[in-house]
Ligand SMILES: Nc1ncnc2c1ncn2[C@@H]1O[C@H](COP(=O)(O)OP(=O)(O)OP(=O)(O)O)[C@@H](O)[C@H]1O
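To begin, one chain is listed below as structure tokens, in the form predicted alone.
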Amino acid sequence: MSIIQVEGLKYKYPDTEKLALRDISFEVEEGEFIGIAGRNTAGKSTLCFALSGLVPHFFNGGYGGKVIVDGLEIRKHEVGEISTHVGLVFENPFSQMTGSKYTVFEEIAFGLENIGLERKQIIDRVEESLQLLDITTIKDKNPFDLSGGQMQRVAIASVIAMKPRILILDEPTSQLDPQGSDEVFKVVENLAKEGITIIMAEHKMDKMANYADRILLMDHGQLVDFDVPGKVFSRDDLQEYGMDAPAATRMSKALGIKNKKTGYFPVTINELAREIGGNV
């Protein structure tokens, strides 16, 4: 059953003439890992905001179509209610820190306190999130004394503590070094294994090829393609949308090596190695 349904979604920011999202429709099944790809002006962040309720409730503007997440029609429910079903992690972890808490533990507990949970429930949820994100050892540290990768994991933990069924991440590794990026992707992979539906806007296509079940390709607010990574990354016109295929796909194209069953080019080094091994 689809946990996300988007039908004819249109959106225009206040005091602008151009549509940021243009008649977008798609569905996501429960437990899927969906990667959103496209150039900086593609509308990836705006789509993330629309799936989390910030569009239209926070940003206002012109809105049309229908978005349903976990049974809630976004336009008919407040952001506070939506946030118990959908968690949003921003591009810059600094913007997600409250700035009013002195420890990682307190930072993660902040949202739970705001929804009025009992003390024991708060402690249990924070401890569970700390373990899930593998950051128990830093629970007493100040959030602003952490590395970028650690801080992003704290931001994710604060969202996961709310127990959403859907986690949306808007370019979560753009501010991070390679090690920090690896940390975040490993964490998100583990969350996907826990059954959480993942929507991630990301520029790092080599990483996305390893994790995403499907890729949603956008350009200028429109949906260009929505399919398995092999199909999307095998397109000949990716560069027209400001995109480069993963390194393994570019190498596969240069060597003329395709998957025999699907007809698509491999998207990871492991897939390419298997195809080469099968041809030896």
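Numbers follow the displayed sequence, beginning with 1. Just so we're clear, the structure is a prediction, and the values are computed from it rather than from any experiment.
Beyond what is shown, the protein has a form predicted together with this ligand; the following relates to that form.
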From the list H203, H77, K141, K186, which entry has a heavy atom within 4.5 Å of this ligand in the predicted bound form?
-> H203
In the predicted bound form, segment of 233 to 241, 44 to 52, 208 to 216, 247 to 255 with a heavy atom within 4.5 Å of this ligand | 44 to 52
This ligand contact at F26 in the predicted bound form, heavy atom, 4.5 Å = no
Partner proximity in the predicted bound form: K66 to this ligand, non-hydrogen atom cutoff 4.5 Å | no
Would R39 sit within 4.5 Å of this ligand in the predicted bound form, counting heavy atoms only?
-> yes
Would A20 count as touching this ligand in the predicted bound form under a 4.5 Å heavy atom rule?
-> yes
Of 154 to 183, which residues get within 4.5 Å of this ligand in the predicted bound form if you count heavy atoms?
-> E171
